Every structure is written in structure tokens, then in C-alpha cells.
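Take a look at this single chain in C-alpha cells; it is the form predicted on its own.
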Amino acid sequence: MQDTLRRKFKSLHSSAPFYSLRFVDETREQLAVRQDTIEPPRLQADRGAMLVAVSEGGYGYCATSDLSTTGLQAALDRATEWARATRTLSVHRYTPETMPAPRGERLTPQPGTSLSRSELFDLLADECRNANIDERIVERYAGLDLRRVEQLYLTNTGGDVLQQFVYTVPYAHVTANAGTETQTRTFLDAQQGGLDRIPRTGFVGCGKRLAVEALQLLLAPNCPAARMDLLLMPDQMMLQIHESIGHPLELDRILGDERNYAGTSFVTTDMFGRYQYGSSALDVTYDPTLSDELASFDYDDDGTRSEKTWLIRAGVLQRALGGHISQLRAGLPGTANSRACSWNRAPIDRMANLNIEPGSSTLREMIGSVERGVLMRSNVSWSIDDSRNKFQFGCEWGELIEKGQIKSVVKNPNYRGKSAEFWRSLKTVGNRDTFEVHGTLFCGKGEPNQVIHVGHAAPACLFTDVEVFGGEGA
């Protein structure tokens, strides 16, 4: 298919000095077992191309699922018309000569493990069945999301990038109920890779563990309410990073592009290079070099080569999450994170692999330093204001820490704060042994909406003087 598209692209013509084609071919299969019953499998296939034209001052694009030469030419003609029409109307004056023309290839390795659909359903059924340990277990669910994506990016200036991606995402949840009390524990491992990564995810055996923990939560007291230390584990750090660092640093949001849909940002363009975003323990990177992380890629969807970049260093804000065009608009350095959710959406600034670099403390040392606090895992609820500043998050699992020791499990743990104040209260960052790679499949942004996957990796992190409360304090 790639060679056929290359031949067709060479036959296209446009009056625009720069034009490109971005082809995306995606297949997705979802398998699930609920309450020991196999749910109907779902299979999706999606294929199409986005044609972009850039003239002196103008930018236009048009998507098509008609991949014939005639269909591609018609889309390029429409994109060229839009580029011509917007030459004097755009917020930013586009210049064709600044558009990249990359060449490269990112191919997925051959799978080391092959499992039939029957074997995969057996795997899901085992976890579902093993969670049935008590009559108070009222919901048992195990699923698997399998995706393959191929992308080809071509430009009339010689750009040619082929990238392939494979995603294997196991997930499960177990719910327990007693009277008016209901508690749920979940499992999600969202990373890149084939079926051979399933044994490494911790999915095997998760059904019984989730059931035991859900039952523990039924009997646990509510999380206490007070200002105290907060130890966030990596699976909750994922959302904290996402909402109060990732979205505020997206450069198009800082420039006002998201104002109508999802708000703006408390970050302004004059903060870079001087603003104390967090304590000196906070080091944040955009890092596409972790190959198994969910949003690793060699080139973004505008053809910019990706590389590890420091966004926050020793707590000081260094760089925005802005792709090629946003960097030109703002006159600021950014990252290779111009991304689209599919072939029929234009790329916009999206966080990708946004990570906190490990520190030097062990988990035992971090717990031992806490006089009174709560350890929290696994997000269950979130709320954040339009400027991505004030937030409130709730978790599934909590553990009370007193005088350097874990004392008991607590349920309905919540915390709230303001982004900058919260990150400045970062006291200790866990070492490499506490570092975990996580991700979310459902980050929404843009008009029309684009739902995209994002990777976040982090160690355990300890914060001081945080407002913590239980379910009754919401």
C-alpha cells in the first residue's frame, strides 16, 4: 500500500509551494468477558488520508477516504483552495519554506508471541472467574484492546516517513457491594507492544487481587480530613501530570486556541525560563525515547523529528508543549507534539510522553519520613478549572501513614490544591525502582473533538501540607 500511495502522490499537482499527504491505516479489536460471559468482540477498521497545502500566508487541509488518484487530487485541490483563501486571514502567516521534509522509518518488531482468539478469551475468562471469591463481589470484568496503526507522511519537497505502531492494552475491574457501600478496584496497563508483553503487565492474577482489595475497601474507614503529607503512586501521578502540567503547557492553549472548548491556561508566554513551577525536586521531560510508552514516535504528524526535551528543570519552567506551527506563532521553542487522532483530523498541540524524572529516594525512605499522611493509588474522579489551576482528585485506594509506618487502608481518599502551589510542595521524588510507565487512551481536546492516547511515566512522589479529605468531605 505504501508504494502505491507514493506513486499516486508523485502524480498529484498543486499551485501551493508546499503540500503533503498523511495516510493512516488503523485496525482495532476489543475482546471482553463480563460475569463469566463472553461479550461480542468488536472489530474496527479505519483508513484515509489528510492532504495539506501551504501557500505564502495561507494554510488549507482536506481529508478523504477515497485513496484513488482522482480522490487524492480532489482533496488536494480543496486544500489548495483553502490555503489561497486564508492567505490574509490567518492569525499566523504561514511560510511554505519553513515546513519540514523529514525522511525516516519506524517499524514494529515481529511479535514474539502468537495467541489465538480462543486463548485470549481463556485468559480473560480466568481473571473474571478468579475474581468471584465472595458473594459481595457484584461485578467482574476483564478486557483487551488490540490496535495496529500504520502512518505514511509524504511531502512534495521530498519528505517520506513510514511509522508503525502496535498496542496491547489489558484492563479489568471488580466491584464489591455491601448495603449502601460500593467500592471498585481497577487494572489498566496502557503501553505499546504486542501480545508478548501481557505476562509483564501484571494482568495475570489481577482478578483475585482486585477482588480482595475491593472487599478491603468495603470495611475500611473513610480517609481522614486534614492538611498532611500526600504520597502519590505512579498510577495516580499519571493524572496529576496530565491535568496540571500537560494541559497547562500545551502552547496552543496558552495562545488561546482552546478557549471556547476546554478553557485556557494559567501559564503565559513570559513565564518560560524564569517561572518556579515546582520545587527544585521537579524535573519534567517530554521523552519519546521510551519505546514502550503509549505515545512514543519518531516523528509527529507535521513531520518534526522527536527527541527528549526538558520542560521543567529543578522546578523552573523551560519549554512549552508546542509543535512546529505553534512555535513559529509564539516565537518560543517547543517539542515534536503536533498530533492528530486520525486521518480526518488536523494535527494540534497534544502532550505525548510527558514524564517526571526519577529521584534518589526509596519507597521505604519516603514512607519513613512521613509523620502523618496518606498514600493514594488509582484515580477515580477528577475536576480542574478552565485555566488548569485549581483541581480536586479522588482515588480508589488509600493507606494511612503515621510516624513512618503504614497503619491501615482507608477508602474514598481525595485531595485538592492549586497547580503551582501543589508542585512547589513536592518534597521527595522516588528512585528508579518506584518508576512506572502508564498512559491514558482517552484525552479529549480540540474542535471538532479529538480523543487521543497519551503516555505518562513517573516515580512515587511525596508532597507536604496538602488538603486531604474523605468521601464525606467532598
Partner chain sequence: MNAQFLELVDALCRQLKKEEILLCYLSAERSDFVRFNKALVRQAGTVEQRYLTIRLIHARRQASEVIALAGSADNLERALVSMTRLRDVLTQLPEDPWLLIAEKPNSTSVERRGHLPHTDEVVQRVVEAGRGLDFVGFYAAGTIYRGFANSYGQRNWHEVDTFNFDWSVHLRADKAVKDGLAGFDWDIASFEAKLRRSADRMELLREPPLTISPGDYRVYLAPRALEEVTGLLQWDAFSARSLATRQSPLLRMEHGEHLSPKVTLSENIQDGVAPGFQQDGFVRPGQVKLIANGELAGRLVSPRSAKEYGLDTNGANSRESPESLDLAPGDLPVDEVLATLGSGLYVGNLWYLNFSDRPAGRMTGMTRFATFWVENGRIVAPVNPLRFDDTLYRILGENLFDFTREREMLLSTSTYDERSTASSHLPGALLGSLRFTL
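Residue numbers count along the first chain shown, from 1. Just so it is clear, the model here is predicted, and its values are computed rather than measured.
The same protein also exists as the form predicted together with the partner chain; that form is not shown, yet it is the one meant from here on.
Trainee: Does any heavy atom of residue 12 come within 4.5 Å of a heavy atom of the partner chain in the predicted bound form?
Mentor: No, residue 12 stays farther than 4.5 Å from the partner chain in the predicted bound form.
Trainee: Since only the chain is shown here, I'm wondering whether residue 229 would be in contact with the partner chain in the predicted bound form (any heavy atom pair within 4.5 Å).
Mentor: Residue 229 lies outside the contact set for the partner chain.
Trainee: Does the partner chain get within 4.5 angstroms of any non-hydrogen atom of residue 263 in the predicted bound form?
Mentor: So residue 263 counts as contacting the partner chain.
Trainee: With the partner left out of view, is residue 436 within 4.5 angstroms of the partner chain in the predicted bound form by any non-hydrogen atom?
Mentor: Close contact is absent here: in the predicted bound form, residue 436 is far from the partner chain, nothing within 4.5 Å, heavy atoms only.
Trainee: Using a 4.5 Å heavy atom cut-off, which stretch among 102-110, 293-301, 398-406, 86-94 contacts the partner chain in the predicted bound form?
Mentor: Of the stretches listed, the one contacting the partner is 86-94.
Trainee: Which one, 246, 288, 347, 170, lies within 4.5 Å of the partner chain in the predicted bound form by heavy atoms?
Mentor: For this set of options, the contacting one is 347.
Trainee: Here the chain is shown alone; which of 319, 377, 329, 197 has a heavy atom within 4.5 Å of the partner chain in the predicted bound form?
Mentor: Of the candidates 319, 377, 329, 197, 329 is the one lying within 4.5 Å of the partner chain in the predicted bound form.
Trainee: 135, 334 and 369: each with a heavy atom within 4.5 Å of the partner chain in the predicted bound form?
Mentor: No, the whole trio is out of contact, none within 4.5 Å by any heavy atom.
Trainee: With the partner chain taken in the predicted bound form, which residues across 54-84 come within 4.5 angstroms through any non-hydrogen atom?
Mentor: Contacting residues: 59, 60, 61, 62, 63, 64, 65, 66, 78, 81, 82.
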